[in-house]
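The chain below stands alone and is given in structure tokens; this is the form predicted on its own.
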């Protein structure tokens, strides 16, 4: 794929040197460059939580594209904690062989793989049949404010069980030969629900002040360390600021930066805790700051309907999305709350956290240009960046950044967020039609489908299975243009 050359070759060489230097952690983990794929994946897997051939193709495609490390998608430690069916889990030893194969495929490209240990709590988009008659567990009995998903506060006994499930998951990841784990403590999932002052309303030792709200996560960190030791990488994804009242001003604001800095100190645990922090923001998913970009109201009515039975507000949301006037107002409000900055939206938060902690910091937020990535690293605001949607758009983005400042303008990620709404029912991929070449709508659409469906190539069985992996999505799209 042809990339745009930097107007200043000398400056780009300096940027490239910043980006493509190794990053080492005290755990012993060493990543070949400063580029991490953030936690993304589609509903590619078996309903029972086993991984599939499509997932193997998916993960390997990013490793082949030159990314230094991959953070897996949301991986539930129990079926009670999944966000969608057909996401691979780590809830039993029988999942270890699959994750071992993922690691093998990724390691073949000198790429590291971190498993994201996760639990939905009350933010359970589609729980599946196993959770049909079960109320989601959380720090609180209040429903989530965006979808209205009902929840029940966990007992002390349930908290202890979840702590051990996270430790079990970390131990399985280690046995699978993976390079480490990440705790998902951002964007509204269970760990956020305990950490956030805007959500956690407990009056026992797991609520109240910062120390009480952080107790649950600290117990998880210590339980994991007891199982896997200090030589297995453990990092924490965390909201720098919750912005819990940004969509609905009557909600509590949630954690401020000062509270998050205290939480980070607690989770460092005098040098025996986490090895790195992964900085995000926004107390729910979706949120104007996560993923930062547009709210595709035209796509929402098509795919949001899968959630209608999940929460008591989903019907209202769908009526808003279907009403052209109300949808337009909602989108304008969403964009106003997001603000003008997309690429590097969390960079200043990462700077403040990095200045406070004693471990490396990586930052998420729409990165896709070398000068932006290199600048935040050069200034010492973070040690690396994590990338999701721009890598869906261009899985060979690291190779592009070695040669140029970024993709050619017509091939950049537009931050439209159509990929994330489609993921509710369709394979995850780039659904922005304007990025695909073709003289007619039909040609552009055909090229888009070739790219989206490339995750299923090669198949597990059949003639193509013997010929090796297909090119990355960007290469497939390029072939389509050549025709």
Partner chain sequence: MKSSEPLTPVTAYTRRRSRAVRSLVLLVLFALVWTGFWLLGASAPQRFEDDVEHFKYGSIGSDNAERGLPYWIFTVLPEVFPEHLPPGGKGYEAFGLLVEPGRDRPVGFSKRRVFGIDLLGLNCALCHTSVVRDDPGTEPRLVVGMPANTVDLQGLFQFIFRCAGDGRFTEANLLAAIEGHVDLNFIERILYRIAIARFRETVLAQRDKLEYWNDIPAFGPGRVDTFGPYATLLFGMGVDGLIGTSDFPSLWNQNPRVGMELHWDGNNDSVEERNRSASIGAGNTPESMDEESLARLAEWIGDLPPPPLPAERVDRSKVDLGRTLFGKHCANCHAFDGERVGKVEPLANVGTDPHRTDAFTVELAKQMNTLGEGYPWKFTRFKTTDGYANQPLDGIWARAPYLHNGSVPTLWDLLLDPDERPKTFYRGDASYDWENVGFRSDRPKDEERRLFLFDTTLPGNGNGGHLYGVDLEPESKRALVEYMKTL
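Quantities reported herein were computed from a predicted structural model and do not represent experimental measurements. Positions refer to the first chain, counted from 1.
FYI, the form predicted in complex with its partner chain isn't displayed, but the following is about it.
The closest non-hydrogen atom of residue 140 lies beyond 4.5 Å of its partner chain in the predicted bound form. Proximity of residue 310 to its partner chain in the predicted bound form falls within the 4.5 Å heavy atom cutoff. Heavy atoms of residue 325 never reach within 4.5 Å of its partner chain in the predicted bound form, leaving it off the interface. Contact annotation: residue 133 falls within 4.5 Å of its partner chain in the predicted bound form, judged by heavy atom distances.
Taking 247, 228, 266, 150 one by one, only a single residue has any non-hydrogen atom within 4.5 Å of its partner chain in the predicted bound form, and it is 150. The partner is not drawn, yet in the predicted bound form one stretch among 277-285, 310-318, 346-354, 327-335 has residues with heavy atoms inside 4.5 Å of its partner chain: 310-318.
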